[in-house]
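Shown next as structure tokens: one chain only, the form predicted alone.
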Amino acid sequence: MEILVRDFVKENTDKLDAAGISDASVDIWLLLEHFADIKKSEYFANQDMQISKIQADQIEEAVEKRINHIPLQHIIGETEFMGLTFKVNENVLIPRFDTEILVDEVVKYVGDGFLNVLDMCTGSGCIAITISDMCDNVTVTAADISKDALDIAKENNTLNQTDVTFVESDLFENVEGKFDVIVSNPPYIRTEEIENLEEEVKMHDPHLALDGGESGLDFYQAIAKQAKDYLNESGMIFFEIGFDQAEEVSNILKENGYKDIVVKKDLAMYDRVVYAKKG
């Protein structure tokens, strides 16, 4: 039994819309691409295109999960970040576009240099692995407290054929050596704000990767203080931040002796990255 794609798309987009799923049409086309290898551009070239009953059943099962606000990336099991593919599940934060700004800044700084980089709170490994992929001479270490997250990060390291070293560590507890760059996208959501996040985030992203304490600044304070002992002279520290945290994180860096502090905005013109040099 064959099913017309145009009818299938309309029916299932309407289901997602009725469930309050934003970007419902985008999700349907991503599911079609994943389960039936059909791209939207191909459909517009042949609007009589059909899918099999087996493919339709797989997608409808995924739609039911999406109606229950399970993230699309968890349903598919992977996502794209800066041109690379990353496996994701409930143990890691789904890589987001905002974090590309952070990686861009680190890559611009590292260039072709023979530098040692530490990615603290690595999660899926997207920051560490992308830096390793984009910078030929860099040596990258990635640390996280979660063994489950590190298992996914190691899979992603293999998947993307990069050479990142992973350390299970509560911040710097098991980290050895010194680094030219320390980069981190730490948990920075205020504890009381987690309940106000989208269901996809608060129900399916690990709270360990979200909760930055009462002020949202706990990890910035701890990392900035400890990082000085792990940075080489004139080493750099790079943070992703919440849109309203630039001043507070900048002050934390000042209080810990860092200098030449810079704030970078994302494409929506929100403050997104703060970096500074070891004093």
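Sequential numbering from 1, following the sequence displayed. Computed from a predicted model, the values in this text were never measured in an experiment.
One more form of this protein, predicted in complex with glutamine, exists but is not displayed; see below.
Original post:
Taking the pose of glutamine in the predicted complex and superposing the surrounding C-alphas, is this site open or blocked by backbone or C-beta atoms within 2.4 Å of 3 or more ligand atoms?
Top reply: Open: no clash with the backbone or C-beta atoms.
Original post:
Just one stretch in 168-176, 104-112, 121-129, 194-202 has heavy atoms within 4.5 Å of glutamine in the predicted complex, so which one is it?
Top reply: Selected range: 121-129.
**OP:** Could you spot which one of 150, 138, 164, 209 gets a heavy atom to within 4.5 Å of glutamine in the predicted complex?
**Re:** Checking each option against glutamine in the predicted complex, the one that comes within 4.5 Å is 209.
Original post:
With glutamine left out of view, which of 116, 99, 160, 73 would have a heavy atom within 4.5 Å of it in the predicted complex?
Top reply: Looking at 116, 99, 160, 73 one by one, just 99 meets the 4.5 Å heavy-atom criterion.
Subject >> Heavy atom of residue 181 within 4.5 Å of glutamine in the predicted complex >> reply: No, no contact at 4.5 Å.
Subject >> Contact flag, residue 156 vs glutamine in the predicted complex, heavy atom cut 4.5 Å >> reply: Residue-level check for residue 156: no, no contact with glutamine.
Original post:
How about residue 93: is it within 4.5 Å of glutamine in the predicted complex, going by heavy atoms?
Top reply: Answer yes; at least one heavy atom of residue 93 falls within 4.5 Å of glutamine in the predicted complex.
Original post:
Within 186-205, which residues have a heavy atom closer than or equal to 4.5 Å from glutamine in the predicted complex?
Top reply: In sequence order, 186, 187 come within 4.5 Å of the partner.
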